[in-house]
Ligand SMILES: O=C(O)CCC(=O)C(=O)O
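One chain is shown next in structure tokens, namely the form predicted alone.
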Amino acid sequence: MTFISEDQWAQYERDGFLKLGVVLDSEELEALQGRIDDIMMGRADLDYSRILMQLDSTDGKYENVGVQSRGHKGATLNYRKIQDLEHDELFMEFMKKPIFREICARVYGPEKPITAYRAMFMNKPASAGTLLPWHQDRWNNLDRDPLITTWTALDPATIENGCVEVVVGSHKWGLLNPDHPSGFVTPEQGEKARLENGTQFLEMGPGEVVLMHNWLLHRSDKNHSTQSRRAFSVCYMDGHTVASSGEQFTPIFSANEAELVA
């Protein structure tokens, strides 16, 4: 079974993103919503020493977000980021859906094993949330660049509550600020891109997924609504990728699994 048509792949290559529609059914969505709330509240049967967690800022400013480190930081739904969720069985099960196998085989080749650079919950709590500046998803501690990220809405993602905003086609520009370790561009670069090219807001319903090229320039605003904006993001990468730190990455698909959908 093929999940993505050639016309859709052409659209992705042109725009740098592709909405995949609803990938989570209502039961799966409810399970992931409950699981992430349990993780935030400290109720999950999970080794928290393996999980990177960060509390949200109190003023919406990116420079004032909480410390990003492993371990639980108190029972609250006001976490901004929870990373390393490939160590959670339920999230890993979702990450291995056949549609994602198909995507990885197309982008990296069916012969390549696949790992995840990060499997990350991102949250903008109701009437709060932190503004995320313009950036590309690129890290200079890796020996090759990951190319794709899937972004799954666990709540409605709207302009009001801080959905992702992109500069369409900007992945074709290459790396805009290659010296930055995490792909953030300068305020001047971000403003120039916005003014000269315009932007598009990726509004989505719960359970919907968008595929994004990692070099697509994007950002997100604070949450100005009473609806939380929870999401789950996975950066899939070539399983041969090596980090300068020696970090080992969790296998997601073997080469044989990828061949099943090639």
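Note that residue numbering follows the sequence shown and begins at 1. All values derive from a computational prediction rather than experimental measurement.
Not pictured, yet referred to below: the form predicted together with the named molecule.
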Only one of 170 to 178, 103 to 111, 67 to 75, 124 to 132 has heavy atoms within 4.5 Å of the named molecule in the predicted complex; I'd like to know which.
124 to 132
So which of Phe94, Tyr117, Tyr79, Trp151 reaches within 4.5 angstroms of the named molecule in the predicted complex, heavy atom to heavy atom?
Trp151
Quick one: of Asp84, Asp155, Asp137, Asp145, which gets a non-hydrogen atom within 4.5 angstroms of the named molecule in the predicted complex?
Asp137
Report yes if any heavy atom of Asn223 sits within 4.5 Å of a heavy atom of the named molecule in the predicted complex; otherwise report no.
no
Whether Val166 contacts the named molecule in the predicted complex should be assessed with a 4.5 Å heavy atom distance threshold; does it?
no
Stretch 216 to 230: residues contacting the named molecule in the predicted complex, 4.5 Å heavy atom cut-off:
His218, Ser220, Arg229
